[in-house]
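Only one chain comes next, encoded as structure tokens, the form predicted alone.
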């Protein structure tokens, strides 16, 4: 049962990153690729019907983590309290920027909301990437399973890490560039003419950088957490994840060269999903590694809720996830196709 819930939580967070990743990616490249007011309206129109629905998966993933692994929830939310509070503010600023931009014609306010939309998207990608790298590297758990992380110490991994070190910095930059590529491919898929051409051209320039940083992240992960390689040796099927990462990136490159917009975007989805599944495989069966000598790793068995909670939770989770899937499929079906050339508002 614990293994099932581990992969359920991993799958929900992966779906969140793949879906909300493209609208965060549009925000990252927004000020660089949308050069006219009409371009900006089309970019907003492309994500307008779906961005808030995509964030449902983050809430659902957090709720599932709460009832399935309460010890992990309590430990990580106390240790990462400040970064999570900042993430919450960034999500609110981003949402307000999208909504308020559509309700004003004042150029000063429009420029302000454009800037806050793009800046909050950039910071969210960096925070999410650095947070995942912190979990993979491990945190200094105490004997009571709680921890405190300063913003930085000596920028090295080891027994006394900070939130920021060389490894988490790589994670933040990789997340920023990978989601930017994801957003560009989504913009190319949803728009036409000049905005489509700029997004495609920028994606072609960004792809080799994402490839090099992805390849660099593999030995960096082994250095930061050598145990992750041992998990791959114990479970041969886990090697499918890095193979899928390479397949996804190759699909993006080939599809960009041949003008296959759908395949390029699906290749990016495969790349992001495989990266996250690969990270989860490197951790399994640990859910929060410990560094130093004071505490122990928080494993699935230690963090798992009681049998009654899991049985009741599985029933409610099945009902809730069915509604979320129906809602998501319906919204994406209703707003399929290219954004109208003279889009007004933001399509919500």
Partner chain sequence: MDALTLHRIHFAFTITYHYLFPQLTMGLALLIVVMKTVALRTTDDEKREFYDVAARFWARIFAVNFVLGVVTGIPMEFQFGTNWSEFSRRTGGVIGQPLAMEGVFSFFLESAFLGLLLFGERRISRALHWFAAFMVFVGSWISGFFIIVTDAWMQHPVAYKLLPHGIYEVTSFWGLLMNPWAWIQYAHNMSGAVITGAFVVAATGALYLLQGRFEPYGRIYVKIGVIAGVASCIAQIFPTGDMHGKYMAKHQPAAVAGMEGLFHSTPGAPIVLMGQPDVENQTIDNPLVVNKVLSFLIYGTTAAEVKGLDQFPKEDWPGALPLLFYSYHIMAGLGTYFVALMAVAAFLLYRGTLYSTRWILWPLLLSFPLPYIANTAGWMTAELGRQPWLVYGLLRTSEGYSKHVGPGTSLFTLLGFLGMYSVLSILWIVMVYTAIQKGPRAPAVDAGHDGHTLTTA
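Residue numbers count along the first chain shown, from 1. What you see is a predicted model; the values in this text were computed from it and never measured.
A second form of this protein, the form predicted together with the partner chain, is not displayed here; the remarks below concern that form.
Student: Does residue 186 reach the partner chain in the model of the complex, with heavy atoms at most 4.5 Å apart?
Tutor: Judged by the heavy-atom cut-off of 4.5 Å, residue 186 is well away from the partner chain in the model of the complex.
Student: Contact with the partner chain in the model of the complex for residue 148, defined as at least one heavy atom pair within 4.5 Å: yes or no?
Tutor: Although the partner chain is absent here, residue 148 would touch it in the model of the complex, with heavy atoms inside 4.5 Å.
Student: Please determine whether residue 173 contacts the partner chain in the model of the complex, using a 4.5 Å cut-off between heavy atoms.
Tutor: No, no contact at 4.5 Å.
Student: In the model of the complex, does residue 71 have a heavy atom within 4.5 Å of the partner chain?
Tutor: It does: once the partner chain is placed as it appears in the model of the complex, residue 71 has a heavy atom within 4.5 Å of it.
Student: With the partner chain left out of view, which of 84, 163, 211, 241 would have a heavy atom within 4.5 Å of it in the model of the complex?
Tutor: Selected residue: 84.
Student: Within 4.5 angstroms, counting heavy atoms, which one of the listed stretches 99-107, 198-206, 231-239, 177-185 is next to the partner chain in the model of the complex?
Tutor: So the stretch in question is 99-107.
Student: Does anything in 59-86 come within 4.5 Å of the partner chain in the model of the complex by heavy atoms, and if so which residues, in order?
Tutor: Result: 59, 60, 62, 63, 64, 66, 67, 70, 71, 73, 74, 77, 78, 81, 82, 84, 85.
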